[in-house]
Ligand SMILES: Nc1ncnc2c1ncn2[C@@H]1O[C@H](COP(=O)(O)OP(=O)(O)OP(=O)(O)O)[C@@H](O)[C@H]1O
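What follows is one chain in structure tokens, specifically the form predicted alone.
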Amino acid sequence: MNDNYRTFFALNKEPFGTDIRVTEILKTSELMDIKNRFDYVTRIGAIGIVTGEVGSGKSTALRYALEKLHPSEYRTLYITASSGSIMEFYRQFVYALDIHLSSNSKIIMVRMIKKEITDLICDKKMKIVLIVDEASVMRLEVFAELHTICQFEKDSKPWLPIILAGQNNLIDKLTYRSSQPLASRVVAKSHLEGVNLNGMENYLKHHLTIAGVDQMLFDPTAVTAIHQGSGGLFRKANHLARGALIAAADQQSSQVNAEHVRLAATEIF
């Protein structure tokens, strides 16, 4: 597909992209709710949970919350979880901390992780925040052991706040008996669902504005079709909206309607 539709609609950039600046993120009440809980978790050094369906905006919300932390005060560590063992998780953690180790010993890795965190906090006066995205794919053995890296000075220092983000089954994994030591440290939970029809209309308008168009290009039937076709989830809405713009431009239509959204839907899953 070419980008002639951008010229047709006088768009100054690719619309409905994920690479928008933090200042351009639509500040919904759900987004601010996550940020408030994020701030609370980081302030007291506990664990927070963010759940939602694929494409509901979890990563965007976390990016917004992280960008509000002053870089001179906070060291943020970001891990995209895998279905690997606890050893794989520790390797990712070591990498995030820029620790260079030749040993594969779990004991040594844990010791070095804790030492680096202690040095950052006590010597460099930094605060640490660990984000584990896609946490719902982690094995139960990781959930069973993850709480141990939060324990400093006989568990008297809450130096490592953690945000676990993932799909809805993340909550299910925390209900297992083996996960209870970790679950007991959770102080805040946020869940993202698909937006309603009005929220979708605001979202579409917002992203058109970012792309340099102040008028609403989607008629009411198109907004409804995008809302229904995406289930209110932003990622799929982005694909449908962009595809519908392309279909409308191909037909030389200045307004996007439900038929254009239907054509876009045939190209995506």
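Model, not experiment: these values are computed from the prediction. Numbers follow the displayed sequence, beginning with 1.
Although it is not shown, the form predicted together with this ligand is what the next lines describe.
Picking from 58-66, 224-232, 39-47, 211-219 the stretch near this ligand in the predicted complex, with a 4.5 Å limit on heavy atoms, gives 58-66. Within 4.5 Å of this ligand in the predicted complex, a heavy atom is found for every one of Thr18, Leu31 and Glu134. Lys205 falls outside the set of residues with a heavy atom inside 4.5 Å of this ligand in the predicted complex. Using a 4.5 angstroms threshold between heavy atoms, Glu201 stays clear of this ligand in the predicted complex. A residue is said to contact a partner when one of its heavy atoms sits within 4.5 Å of a partner heavy atom; Ile25 meets this definition for this ligand in the predicted complex.
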